[in-house]
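Quick heads-up: the structure tokens below are two forms of one chain, split into structure 1 and structure 2.
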Structure 1
Amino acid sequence: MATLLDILTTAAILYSVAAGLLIVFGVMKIINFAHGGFLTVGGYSALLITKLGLNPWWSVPCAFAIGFVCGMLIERLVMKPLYSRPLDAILATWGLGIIIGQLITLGVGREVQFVQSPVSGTIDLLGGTYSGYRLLLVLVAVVIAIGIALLLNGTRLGLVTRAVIMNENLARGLGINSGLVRFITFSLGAGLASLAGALITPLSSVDPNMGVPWLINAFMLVMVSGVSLVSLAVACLVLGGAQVLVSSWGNPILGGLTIVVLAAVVLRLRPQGFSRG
């Protein structure tokens, strides 16, 4: 039972981490390699809340707000001039991720630090006990998925966003402001990344490079998911589950490589990944 819960909670964590990256990729057709930097920003937002002695729950809205504002500034100042040069835009996000990490190092140093968890202790479940916080993250992932689905399918913003995803040139011809859609999408993706960073820090630690391993796994999950939120959930469950099994029954170091290796195999055998088509 503990292994099954590990698989479920790991999939939920991976989904929360990768959702913002998937949204940006779906609309802007670029991989935001600054995603790891935004995760780190979220981790340090949670650390700030801990240092201030505030309720740890404040780290959730605080991290999202800081990430969203950072995304707004970066989209206007860096990304917008590069939309006509996709390769340069991708390289710019890579550089931004490095810059964010270096700025954090200059500001607070390289030492590893820890944040307070909003939920402590374990929960009795089916004859055993399990981390209450990890179980809570499953609910958080479900809320994020429902929130994104409602945004895309139940609002005008979602309608125009889906139009841009399917055919940006046609959307422009119909009078849709694709620039505004890109602005909101990048900012939302940054906010979700920062939110995920705040959520994962109570399970590990905070340091200037904490977002790098999460970025690599999120990148591979997005690659095998296309632009489908459902496919992303499947990928997180299958590949995240494999990671848990390899780490638990084999070698934790090999477990850390599982998602990358299996995603590469999936793309080799099935180029469209877990998406239909």
Structure 2
Amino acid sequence: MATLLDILTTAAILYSVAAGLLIVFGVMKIINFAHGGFLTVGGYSALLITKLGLNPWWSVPCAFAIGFVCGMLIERLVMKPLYSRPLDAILATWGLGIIIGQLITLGVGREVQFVQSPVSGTIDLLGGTYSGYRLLLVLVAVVIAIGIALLLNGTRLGLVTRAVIMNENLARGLGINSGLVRFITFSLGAGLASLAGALITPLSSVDPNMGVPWLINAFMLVMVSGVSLVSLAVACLVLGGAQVLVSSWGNPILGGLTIVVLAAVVLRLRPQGFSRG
């Protein structure tokens, strides 16, 4: 029973972390390796809230806003010339991740720090006890998923964004400013990453390189998901579930490899991964 909950919560966490990366990949066809940096930014936003003694819930909007602003700046300053060079975009965004990590190191220091959790204690569930915060994260992942789905399917901006994803030239011919759509998407992706960073910190700790391992897993999950939010959920459940199983019955270090290796194998056998197309 606990294993099932582990799988569910792990998948939820992975989903929250990867959603922003997927959105950016879907619209821009580039991999944002600064995603790890944005996660770290979110983690430190949460730390800041803790240090200021505010209610830990404040870290959610705060992290999102800070990440969003970082994303806006970076899209304007760095990303624009790279849209036609996807492999170089990976490298440049990795460089941005380094810059973010070093700025944090210089500003806050390298030491590992801890963040106050908004929810503490355990919940009795189905005859066992389980971490309340982890269960809350499942709810948060669902909220994020619904939020993105509503944004994409219920608003004019979402319609325009889907149009750009499906056929950018056609969209431009209909008067849609695809540059603006990219700008908003990248910023939103950064905001979501930062939000996810703030959410995962109470589970572990913050340090300037906390984003890197998450980045790799999120990257592989996006690779196997194509550009669909639904297949991302499937990929998170399947691969995240495998990770939990390997970690608990095998070796935790090998468990850390599960997503990466399985995703690579899935892609070799089925280049479109978990997406239907």
Partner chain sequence: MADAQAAAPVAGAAAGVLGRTRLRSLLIVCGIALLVIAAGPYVLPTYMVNGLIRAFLYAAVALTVDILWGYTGILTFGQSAFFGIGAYAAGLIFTHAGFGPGYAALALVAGIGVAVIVAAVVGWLAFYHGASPLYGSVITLVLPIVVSQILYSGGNFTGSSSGLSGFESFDIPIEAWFWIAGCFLVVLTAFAWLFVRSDAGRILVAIRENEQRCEYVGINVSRVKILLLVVCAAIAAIAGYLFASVQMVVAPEYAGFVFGTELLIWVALGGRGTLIGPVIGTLVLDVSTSYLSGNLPFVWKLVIGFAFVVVIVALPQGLMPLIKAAVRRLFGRKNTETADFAPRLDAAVEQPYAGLEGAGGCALAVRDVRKQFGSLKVLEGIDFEARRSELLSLVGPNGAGKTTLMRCIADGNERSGGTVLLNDHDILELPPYACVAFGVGRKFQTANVFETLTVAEALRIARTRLAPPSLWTREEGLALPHASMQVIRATGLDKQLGTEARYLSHGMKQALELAMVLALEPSVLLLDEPTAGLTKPERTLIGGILTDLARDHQLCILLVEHDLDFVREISSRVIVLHQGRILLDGTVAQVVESELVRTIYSGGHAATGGAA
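This one's a predicted model, so the numbers in the text were calculated from it and none came from an experiment. Counting starts at 1 with the first residue of structure 1 and goes up one by one along its sequence. The term rigid core refers to the most C-alpha atoms you can superpose between the two forms while keeping them within 1.5 Å.
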Mapping for form predicted together with its partner chain resolves to structure 2
After a core superposition, would you say residue 72 shifts its C-alpha by at least 2 Å between structure 1 and structure 2?
no
For a quick test of reading the superposition: does residue 90 move by 2 Å or more at the CA between structure 1 and structure 2, rigid core aligned?
yes
